[in-house]
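Presented below, as structure tokens, is a lone chain in the form predicted alone.
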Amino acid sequence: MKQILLITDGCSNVGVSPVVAAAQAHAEGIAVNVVGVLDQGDLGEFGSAEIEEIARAGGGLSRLAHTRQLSQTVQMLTRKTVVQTIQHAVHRELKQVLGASSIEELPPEKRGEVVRVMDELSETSKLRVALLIDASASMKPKLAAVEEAIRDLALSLQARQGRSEIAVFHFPGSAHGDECLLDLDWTTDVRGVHQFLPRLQMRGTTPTGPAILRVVDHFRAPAPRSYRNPDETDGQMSDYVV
């Protein structure tokens, strides 16, 4: 299962629409979750609407959160999208195999077994989460909350039974026109995953759409061999594909 988790506090203003970019991600099997970070101000009507539209186009979830709630919100969205993805896959299988379009249509004993399997898959399925962080100037006061959220998310992923990998990007990448930069490539080692944040220079425009497409490109690239699942070999698939 693949996710992009976008953390932002404002509206995109450069490049391709982030809604179009999120739809492209969703078409390639990548869910896009969006957390809108609030402080004492407000994102504004346009920013809030854009956040919802990005998540909807990306097949993910969106939430607005104050800085003090950011850590819990990030973890909750990640977990809920895992469950949602598994539920959709199970519903498709039920319809094909049994002609049932929902779990509720199953007999009670079958329904309980399906729910048990779904709970197990939520904990054991392989998961990749790409954190995409808005590093525009307005995010600077919120950086400490973002750092805490990343640290707690990494620990939450580490606690799962299944293999979890995380990568981290930020945008804008630099003052020289880079729209998005990779800070941490795919890894299961969460130690120090947040340590790059104090070095970020918060500035520039908000190229959210191009940044999402950059992360999609990274998902397409072959994983470094050192990060491959030991249960996988070239040309073979694992037991579960969600």
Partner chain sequence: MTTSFDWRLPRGTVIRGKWKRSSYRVERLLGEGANGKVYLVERQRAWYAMKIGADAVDLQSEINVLQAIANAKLVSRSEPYLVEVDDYSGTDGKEYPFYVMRYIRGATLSDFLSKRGMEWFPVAGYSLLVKLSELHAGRWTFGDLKAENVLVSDYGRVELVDYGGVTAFGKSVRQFTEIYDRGYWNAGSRSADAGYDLFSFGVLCIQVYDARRLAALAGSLLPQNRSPEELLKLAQSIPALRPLGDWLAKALRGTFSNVEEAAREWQQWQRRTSGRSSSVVPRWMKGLFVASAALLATTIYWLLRTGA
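None of the values given here were measured: they were computed from a predicted structure. Positions refer to the first chain, counted from 1.
There is also a form predicted in complex with the partner chain; it is not shown, and the following applies to it.
The single contact residue among Ala137, Leu143, Ala89, Ile103, judged by any heavy atom lying within 4.5 Å of the partner chain in the predicted complex, is Ile103. For Ser125, no non-hydrogen atom is located within 4.5 Å of the partner chain in the predicted complex, even though that partner is not displayed. Using a 4.5 angstroms threshold between heavy atoms, Glu93 stays clear of the partner chain in the predicted complex. The partner chain in the predicted complex comes within 4.5 Å of no heavy atom belonging to Thr81. Ser71 belongs to the set of residues with a heavy atom inside 4.5 Å of the partner chain in the predicted complex. Not one of Ala27, Gly29 and Asp189 is positioned with any heavy atom within 4.5 Å of the partner chain in the predicted complex. With contact defined as any non-hydrogen atom lying within 4.5 angstroms of the partner chain in the predicted complex, the contacting residues in 134 to 154 are Glu148, Asp152, given in sequence order.
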